[in-house]
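Starting off, we have a lone chain in the form predicted on its own, written out as C-alpha cells.
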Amino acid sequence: MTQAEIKLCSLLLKEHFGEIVEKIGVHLIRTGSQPLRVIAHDTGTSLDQVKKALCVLIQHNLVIYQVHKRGVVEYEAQCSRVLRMLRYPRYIYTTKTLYSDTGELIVEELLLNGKMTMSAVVKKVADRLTETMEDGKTMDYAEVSNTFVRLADTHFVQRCPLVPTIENSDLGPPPPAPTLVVNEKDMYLVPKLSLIGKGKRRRSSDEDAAGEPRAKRPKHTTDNKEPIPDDGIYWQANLERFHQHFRDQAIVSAVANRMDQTSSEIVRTMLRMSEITTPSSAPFTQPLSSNEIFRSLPVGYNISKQVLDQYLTLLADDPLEFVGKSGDSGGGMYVINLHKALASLATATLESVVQERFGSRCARIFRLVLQKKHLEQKQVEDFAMIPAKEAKDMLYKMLSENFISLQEIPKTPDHAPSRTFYLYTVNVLSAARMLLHRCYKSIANLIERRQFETKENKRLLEKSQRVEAIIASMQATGAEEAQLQEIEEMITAPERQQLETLKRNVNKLDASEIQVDETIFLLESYIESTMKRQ
C-alpha cells in the first residue's frame, strides 16, 4: 500500500462519510486487521463511535471482519474497494445509458446505501421518479421492478452474502460474529414479489404528516405486508460486472479506431455473447463459431455470411491479435484474447504519456525499444535516425522517469564497463505500476484542489443557495416577475461572474478526475490480468 493510495483513500472516505469514519478507515488501511478495542485505543476514539464507523464501513463493503480461533473478531479495510468510490459516477452513467433513468436510480441508491432489499429500492426509486414527473403522473412499482430484474439477469446487481439458517437453529452459544455465506446458485435470483402501487410525492406525504397525529403514521408501514417475502435478502451493485463492461467498451473502441465500425460491431457481438459465460478474470472468451456470430449480429446489420468470414479472417490476422482462431468447426471458431487486448491498451496509454511529456521524438524511441525488446544506444540512434547527442539525452530522460530500464549483460565476471553490453528495454508491467502510482497522486491533487476552490467560495455558494431557495418558494406561491427580479439582484454582477468561474473550474476538475480514472482502470486491469497469468 503506497502513500499516494492511502492519501487518496483518506480523501474519499472523508468526502463521503466524514472525519470519524475516515480516521477509523485510514487507521485500518495503515495497520492491517485489528480488534475493536485496539482500534478504539489507537485512534483515541470512543468505543461507541468506532462501532458506528465500522457499521458504516461494513455496510458499504469497505471493511471485512474475521473471527479468529481465540474468539476475537478482527476488522480489515479493503483499500481497493475504497478506491472504487472514484468510479461511482461512471457506474451510474453506464446504467443510465443501458437501462435509462430507472436503472440509473436503482444503481445510485445501491451505491449510496451499500446494501438494500429489492422492495426498499423499488419504492425509493418509484418515489424519486414520481417527484420528477408532471402533476398527475406517477411511476408504477412494477415498471421499476422489471428494470431491477433486468439488472439482475445481466449481473449488474447481485445478492449480498447471508447468514446461513443452520446457525440460527443451533442451540449452542451464538458465535462472536456471524459467518456470511455466498450461494453462487442464488446470487442473481430475484425473489418473487407482488409489488403493487405507485410512487408518492414528498409534498403530499409532508402534508399528511402535518394533518394527522404522528402515532398514526407507522401503521401504514406495519399494515403493508409487501416486504415480508423479501426480508433479509439484500442486494448490492456488482462492480466486477461493471468493470467487465468498461473493458469490453475499451476493446470495441480500440478495434473501431484501428479498423472500422463493422469490425468493432463484430467484436462487440462476440463480447456480448460471452459476457455472462466468461469469468471477468479469464484471459480468453469462450470459443464462438462463425455461424453463431452471424446469427447474433444486431437486427438490421446487413452483412452477408461471406463478408463476416472475411472480417473475422482480417481480425485474426491483425498483428495486435485481439481476435484469435481456435478451430475450424462451425465455419471457424474464434475467441477474443482479453489479456493481449488489455496489454495493447496499456502500452498505447504509456506511449501517449511519453509523447505528451517528452515529445514525439521520445515517443518514437520508446516505440522502437518496445518493438525490438532490447537495443544498445548505438542501435537506438541508427534505427530512430536521431543524432547521437539528442538520442542519448532522450534515453537518459526516460530512464530517470522509469519509462525505460537499462539491462547490463557482462562478458566477464568482473562487470568491467568496457566488456559489458548495456541494453535498453521497456518493462511494461513496471512502467504501468509507476504510471498508476502517479495517477493516484494526480487524482488526490485534483480532489484537494476542488475542495480548496469550494472552501474559498463557501460564503458565496451559501448566498446563492439561499437566493435560489427564496425564488423557488416565491414561484410556488405565484409571485410576480418584478418581485423575482428583485430577489435575483441580491447577487451582484461580480458575484455572478465569480460563481460562473467557480462552476467552470469545478467542472474541469471533475472531468479531469473521470479521465484520470479511465487511465487507472486500464492500468489496473492490465496489471491484474498479467499477475494472474504469472
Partner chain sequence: MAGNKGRGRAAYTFNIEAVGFSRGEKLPDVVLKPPPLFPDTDYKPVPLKTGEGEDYMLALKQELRETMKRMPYFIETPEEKQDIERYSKRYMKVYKEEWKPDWRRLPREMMPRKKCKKADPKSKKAKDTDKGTSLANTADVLKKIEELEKRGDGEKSDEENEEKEGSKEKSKEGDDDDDDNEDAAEEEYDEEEQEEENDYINSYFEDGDDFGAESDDNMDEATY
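Given the structure is predicted, the values throughout are model-derived calculations rather than measurements. Numbering follows the first chain given and starts at 1.
The following text describes the form predicted together with its partner chain, which does not appear among the structures shown.
- Contact here is defined as any heavy atom lying within 4.5 Å of its partner chain in the predicted complex, and by that definition each of Y93, A177 and P417 is a contact residue.
- Residues with any non-hydrogen atom within 4.5 angstroms of its partner chain in the predicted complex fall in just one of 282-290, 307-315, 364-372, 100-108: 100-108.
- When you look in the predicted complex, the only residue of Y188, F294, F242, F358 with a non-hydrogen atom within 4.5 Å of its partner chain is F358.
- Of the heavy atoms in K115, some are within 4.5 Å of its partner chain in the predicted complex.
- Within 4.5 Å of any heavy atom of its partner chain in the predicted complex lies no heavy atom of Y141.
- Within 4.5 Å of any heavy atom of its partner chain in the predicted complex lies no heavy atom of K192.
- Residue contact check for F17: one or more of its heavy atoms lie within 4.5 Å of its partner chain in the predicted complex.
- If you take 46-81 and check each residue for a heavy atom within 4.5 Å of its partner chain in the predicted complex, you get L47, D48, Q49, K51, K52, A53, L54, C55, V56, I58, Q59, H60, Y65, R70, G71, V72, V73, Y75, in sequence order.
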